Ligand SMILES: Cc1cc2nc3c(=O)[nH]c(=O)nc-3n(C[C@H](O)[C@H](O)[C@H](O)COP(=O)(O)OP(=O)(O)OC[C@H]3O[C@@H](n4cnc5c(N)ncnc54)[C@H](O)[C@@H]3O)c2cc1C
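The chain below stands alone and is given in structure tokens; this is the form predicted alone.
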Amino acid sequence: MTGGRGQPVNGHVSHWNSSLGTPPRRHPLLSDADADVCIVGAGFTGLWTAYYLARAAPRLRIVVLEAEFAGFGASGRNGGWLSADLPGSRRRYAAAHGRASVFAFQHALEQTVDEVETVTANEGIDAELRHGGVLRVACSPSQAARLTSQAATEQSWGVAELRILGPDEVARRVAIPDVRAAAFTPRGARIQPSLLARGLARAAERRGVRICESTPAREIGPGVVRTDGGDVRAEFVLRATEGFTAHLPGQRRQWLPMNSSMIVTEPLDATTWERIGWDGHEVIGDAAHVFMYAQRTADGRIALGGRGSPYRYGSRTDPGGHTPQRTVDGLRAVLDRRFPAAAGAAIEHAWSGALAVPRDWCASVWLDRESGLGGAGGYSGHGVAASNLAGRTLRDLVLGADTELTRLPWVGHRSRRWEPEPLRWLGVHGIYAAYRFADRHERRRTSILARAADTLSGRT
């Protein structure tokens, strides 16, 4: 491989986007428009919703408004994990709707992995989807105990085909030092997220959806979305703004924009891949409190991410995705530790994106038929598959259908608002400081500290 530790490209949305070249912008909204459904946000949630509505009801006039371009936000910056991870607390959903509803939710997410694969095939979307499953590794005794406990809990909630692997079984899949155990489920796939977002936008347009880019929404209200280029009047107005929700009037404390950062290596040579293995193309995470997530890309790179600098004061975001050098260095260290065969590889690109975290870490889908206002989001980093399920659920809600999807426990879920600043900033940074300390000193006392951080954050 080519060695080197030069400065990578930093920001510029993501490697996923840059590798494809910046797409030409679709026309912005330049005058008032009428629609049946107006969707704000052309990420996965907005695009899946528009696609499924147009497919189910071709008569509908559907307009999607996007401040930048389709897939600009988290949908074009994530780790490319198409997994059945549930975006919220099973215990909280069950407290309101019963255990059976959570089992149904989990089953729907598992089916969603297959649904995305089916749609991409049918629509001719080459998203570099590779169905290899999800592998989470534990690299210390404390991590192994935690991973085993979490796996048992997930199995009790109906997670399908989840099993614990021993070190030898993991080694036959991928060479990661110090592995004590791993949890594996086949319900997962790797994708190139920008390819999926762009292909999905084209598929929606082929079905008559109008996508207006470079058109930020200034105000969202019943029956109308106001932009600099004109107003869109619609019976239904759906918000799909995820990590950028805090930018909207009155929404600063609704969801917290949590930063997640990634690096990607240069393409690795065949000798390096022989040492690493990873022929099954599983998406891989670890059992650290400040966890990493990774994939083997279609062109032979390792793309690896983690939380880095988790939150900017006042719910600010950096639209370009610039990543602090200390975060790049931290991810480099994780890469070298987990995949030492790639320790000499150059890092070609680093970037960051904002994901939406509700105060109770539970995602939601909603529609008030009286006002016509609805939306979905708050996936807390588990949105690649969940956004598809949300899009199909919003389709049914808009069409007034009573289905299994509209009875899932995240429909109509309400989370309380985040605390005002500076409490919000102090809380998030304090919690992640506790997680990092726990990871450095994996002993019983630090596990207690991490559990306390979970409680304070609202994750449990």
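Quick caveat: nothing in here was measured; it's all calculated off a predicted structure. Residue indices: 1-based, along the sequence shown.
Below, we refer to the form predicted together with this ligand, which is not included among the displayed structures.
Candidate site formed by Phe44, Gly73 and Ala354: every one of these residues places a non-hydrogen atom within 4.5 angstroms of this ligand in the predicted complex.
Stretch-level contact check against this ligand in the predicted complex with heavy atoms at 4.5 Å: of 174-182, 273-281, 324-332, 77-85, the positive one is 77-85. Although the partner is absent from this view, Thr241 contacts this ligand in the predicted complex, with a non-hydrogen atom inside 4.5 angstroms.
In the predicted complex, this ligand sits beyond 4.5 Å of every heavy atom of Trp366. Proximity of Gly300 to this ligand in the predicted complex falls outside the 4.5 Å heavy atom cutoff. Contact annotation: Val40 falls within 4.5 Å of this ligand in the predicted complex, judged by heavy atom distances.
Of the residues Leu248, Ile164, Ala145, Ala121, just one reaches this ligand in the predicted complex with a heavy atom at 4.5 Å or closer; this is Leu248. Site annotation in the predicted complex: the residue of Leu29, Leu60, Val63, Ala67 reaching within 4.5 Å of this ligand with a heavy atom is Ala67.
Counting a residue when any of its non-hydrogen atoms is within 4.5 Å of this ligand in the predicted complex, the hits in 200-218 run Thr215, Pro216, Ala217.
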